[in-house]
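Coming up is one lone chain in structure tokens, specifically the form predicted alone.
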């Protein structure tokens, strides 16, 4: 495993400046740093491939986001602009700083710059105009806001500036059928910036293993699926919802009866392309501590086929002791197959860095999100 590079601040502490003087202060910072590094025989490179905007609704949340954004700069050297709503801020102010990583076996330092814009709650509406003056020209702009209110005009203004918007749907408060504002995130205008989601990345391994079940040898079972069971950890159902939405969208099932909230498992009825009913259920299971809403297991049951083949069960389970996800396919009389893959590292910074690799639309994710909206009964 490769050891992550250590990031070093270019200056001891962020410099506080007026919002109108950010560019001038950055130019002074880089000029002084270049002179100092040149005297020490170090090659300093100011690397900027995009502008990354990140919004923190509280100073505490912004501090955490700042660390996440800093780590992504190792993969995506960028100008990062951290936007903070701070009730202790009298008006609108900015801070500038930079961090560098040293390239091994050389004296080269690759550096990225960070800008922090703080606004009092009643000054927040001024942030978008400040952002427009600070984004890098002719480079992509990515907005990372983990759990926005899609109807918030402030979010919509920032969304218009961005070339891509990334959320973390697991961060939305679990409000029953309103846990995922899917329709609000995917307005069918065709003009919004493409949408990404860290929770979609968390499902990558599960989606891949599910797809492998139905290779040409088992492909006929797709037409015989009658039941899908998804178990998830506490605090949010979003991963389970997106998995069910993805499976239903890929198989072109339609929602006949959406989920209804209750004290037990959530159940929905869908119809496959042949008109047969498929039951999908989401189950909260309390086990050892897991990340919010993490998938614990999935089970897909296919009925008997016209050739006399019996029921088939395709299951995936999380085995924390083994540090793996184990996929098992079982037929009534056929062989049992098992496959184990290691659990992937899923920290926020690595998931965000992967999402930042994509600038176009992820059509499969959008279809999964729309189907999840239908499962929630959202119009």
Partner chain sequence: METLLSDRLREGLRLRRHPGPCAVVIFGGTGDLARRRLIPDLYNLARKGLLPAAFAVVSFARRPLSDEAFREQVRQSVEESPDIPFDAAVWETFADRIHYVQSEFHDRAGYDRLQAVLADLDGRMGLGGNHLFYLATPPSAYHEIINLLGASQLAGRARRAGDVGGTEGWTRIIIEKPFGSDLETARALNWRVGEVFDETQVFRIDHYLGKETVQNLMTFRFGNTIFEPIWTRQYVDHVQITVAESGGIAGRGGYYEEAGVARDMLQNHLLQLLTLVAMEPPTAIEADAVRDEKVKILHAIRPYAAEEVAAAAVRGQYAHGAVDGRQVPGYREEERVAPHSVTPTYVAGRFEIDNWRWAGVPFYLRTGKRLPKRVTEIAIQFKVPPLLLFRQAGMEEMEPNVLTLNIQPDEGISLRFAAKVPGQATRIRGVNMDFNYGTAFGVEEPTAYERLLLDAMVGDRTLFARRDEVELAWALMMPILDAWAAAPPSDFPNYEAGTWGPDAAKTLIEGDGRRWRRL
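Residue numbers count along the first chain shown, from 1. All figures in this text were calculated on a predicted structure; none of them were measured in a lab. Note that the rigid core is defined as the largest set of C-alphas that superpose within 1.5 Å between two forms.
The next section is about a form of this same protein that is not shown, the form predicted in complex with the partner chain.
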Open item on the list: Only one of 34, 62, 47, 70 gets a heavy atom within 4.5 Å of the partner chain in the model of the complex. Which one?
Closed with: 47
Task: Of 75, 227, 183, 124, the one that lies within 4.5 Å of the partner chain in the model of the complex (heavy atoms) - done: 75
Open item on the list: Contact with the partner chain in the model of the complex for residue 366, defined as at least one heavy atom pair within 4.5 Å: yes or no?
Closed with: no
- [ ] May I ask you to check whether residue 25 falls inside a 4.5 Å heavy atom distance of the partner chain in the model of the complex?
- [x] no
Task: the partner chain contact at residue 297 in the model of the complex, heavy atom, 4.5 Å - done: no
Open item on the list: Residue-level contact is defined here as any heavy atom of the residue lying within 4.5 Å of the partner chain in the model of the complex; does residue 358 satisfy this criterion?
Closed with: yes
- [ ] Sort through 128 to 136, 229 to 237, 87 to 95, 266 to 274 and report the only stretch with a non-hydrogen atom within 4.5 Å of the partner chain in the model of the complex.
- [x] 266 to 274
Open item on the list: For the partner chain, considered in the model of the complex: do all three of 110, 219 and 362 come within 4.5 Å of it, counting heavy atoms only?
Closed with: yes
Open item on the list: Could you pull out the residues of 240 to 270 that have any heavy atom within 4.5 Å of the partner chain in the model of the complex?
Closed with: 246, 247, 249, 250, 251, 252
Task: Large Cα move at residue 137 between the shown form and the other one, threshold 2 Å, rigid core - done: no
- [ ] Look at residue 225 and decide if its Cα position differs by 2 Å or more between the shown form and the other one after superposing on the rigid core.
- [x] yes
- [ ] Tell me, please, whether between the shown form and the other one the C-alpha of residue 95 is shifted by 2 Å or more, with the rigid core used for superposition.
- [x] no
